[in-house]
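Take a look at this single chain in structure tokens; it is the form predicted alone.
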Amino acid sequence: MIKKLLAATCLGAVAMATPATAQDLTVGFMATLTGPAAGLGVHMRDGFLLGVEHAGGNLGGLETEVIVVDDELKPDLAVERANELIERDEIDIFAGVVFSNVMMAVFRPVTEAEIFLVSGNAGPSPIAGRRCSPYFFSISWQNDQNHEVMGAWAEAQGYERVFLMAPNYQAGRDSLTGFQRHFTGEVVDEVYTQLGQLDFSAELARIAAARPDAVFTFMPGGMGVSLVRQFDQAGLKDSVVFLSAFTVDGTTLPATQAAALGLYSASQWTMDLDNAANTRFVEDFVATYDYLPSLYASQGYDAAMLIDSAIRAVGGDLSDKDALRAAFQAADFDSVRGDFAFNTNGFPIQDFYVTQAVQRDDGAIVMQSIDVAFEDFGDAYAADCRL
């Protein structure tokens, strides 16, 4: 079982397991763990803690304490809790963060304190370019990239008219920018919804009236569950191709079930990737948590593996920031996605896949890779980073 874990919640600090008596490494792990989007944070947290377990409970060979905090998808609260981690708990590494509005809020206080921030998910464009930091590394992707996959796929499939929809915050704006970077057809409508919106009847009516070849959307967590169900109930699956990113995935499939079958998404990871690290991760994740991992879980796991590799490379010396940064940049670990390297701005260079919701022989509905969209793909903002 996972050990050395503390959880800080709105009710105060709650010990979930016995903390180390002599802690040499303290990791502050922030995720959205309550509300409709909690599934994303739970997957990422569980993946991270499995990574700690696979490292023997001691990241980089150091006695390790992980303090998990819930940002509740509230940027102001996230800043408050990040400052508590920095000042009160004196963390050595900050990891996690699901949503980009939270990342934009905590990025400066963490990096300006010269604490390494390892993003397990959020990758907003501003910090990939001119606002990049030597203390930031993303284990996931830059926000635009999975959406670029769908734009390139729509272009390759010959879709001429596409309806775009995303929530109105940084990641939502990045998503539609990313899609349009490779799609040259007609955008029949571009709709921004409220973050957290669950009723899409008005938007679905607009889609039906526009009669596009395809709809592309980014609706994470509970938003995605509601949209997929309502899209199916509206009878649009037979006439409009559903393209998405972070909408149809391992966190939403348990709730959407058959309504999601046949719908497309994009990812840098799927459970069927054939490498030893991924096989071990998937098998042990299911054995430990009794549910199937999502891409968020895979990113949490890789975040722990990256931290472990970097600290081991410097012999556990956390005081030499330059050496530790070089060790992070080297990315000398076995990623569950196979080939993995960092660009100059701390974002990954990696492969991306077109995925589809399918039903396995055992009845489980999962995301399966059906095509490689990009190989060794870096983000569009790295050239603006001055590092």
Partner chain sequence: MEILLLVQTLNGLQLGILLFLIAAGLTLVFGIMDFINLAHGVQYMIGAYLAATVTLATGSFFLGLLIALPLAFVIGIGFERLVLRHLYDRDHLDQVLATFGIILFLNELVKIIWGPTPIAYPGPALLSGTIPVMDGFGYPVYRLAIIGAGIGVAILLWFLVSRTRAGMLVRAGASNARMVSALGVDIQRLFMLVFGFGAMLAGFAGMMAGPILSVEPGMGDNVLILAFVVIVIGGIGSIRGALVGALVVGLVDTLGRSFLSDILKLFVSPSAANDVGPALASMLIYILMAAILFFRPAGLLPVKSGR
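What you see is a predicted model, and the numbers here were worked out from it, not measured in a lab. Whichever C-alpha set is largest while still superposing within 1.5 Å between the two forms counts as the rigid core. Residue numbers count along the first chain shown, from 1.
As for the form predicted in complex with the partner chain, it is not shown, yet the points below apply to it.
Student: Does the partner chain come within 4.5 Å of any heavy atom of residue 190 in the predicted bound form?
Tutor: Although the partner chain is absent here, residue 190 would touch it in the predicted bound form, with heavy atoms inside 4.5 Å.
Student: Answer with yes or no whether residue 194 is in contact with the partner chain in the predicted bound form, where contact means some heavy atom within 4.5 Å.
Tutor: Contact with the partner chain, yes.
Student: With heavy atoms only and a cut-off of 4.5 Å, decide whether residue 315 touches the partner chain in the predicted bound form.
Tutor: Although the partner chain is absent here, residue 315 would stay clear of it in the predicted bound form, with no heavy atoms inside 4.5 Å.
Student: Quick one: does residue 93 come within 4.5 Å of the partner chain in the predicted bound form, counting heavy atoms only?
Tutor: Result no; residue 93 lies far from the partner chain in the predicted bound form.
Student: Can you pick the one in 67, 354, 42, 324 that has a heavy atom within 4.5 Å of the partner chain in the predicted bound form?
Tutor: Going through each option in turn, the one that passes is 42.
Student: Taking the partner chain in the predicted bound form as the reference, which of 184, 157, 239, 279 has a non-hydrogen atom within 4.5 Å?
Tutor: The residue from 184, 157, 239, 279 that makes the contact is 239.
Student: Would you mind picking out the stretch of 100-108, 198-206, 126-134, 81-89 that comes within 4.5 angstroms of the partner chain in the predicted bound form, counting non-hydrogen atoms?
Tutor: In short, 198-206.
Student: Within 4.5 Å of the partner chain in the predicted bound form, which residues of 145-175 have a heavy atom? Give them in sequence order, or say none.
Tutor: 168, 173 sit within 4.5 Å of the partner.
Student: Does residue 131 move appreciably between this form and the one not shown, meaning a CA displacement of 2 Å or more on the superposed rigid core?
Tutor: Residue 131 C-alpha, core-superposed: shift of less than 2 Å.
Student: Taking the rigid core as the superposition reference, indicate whether the CA of residue 197 shifts 2 angstroms or more between this form and the one not shown.
Tutor: Comparing forms between this form and the one not shown, the residue 197 CA shifts at least 2 Å.
Student: After the core is matched up, is the C-alpha of residue 261 off by 2 Å or more between this form and the one not shown?
Tutor: The answer is no, as the C-alpha of residue 261 shifts between this form and the one not shown by less than 2 Å after core alignment.
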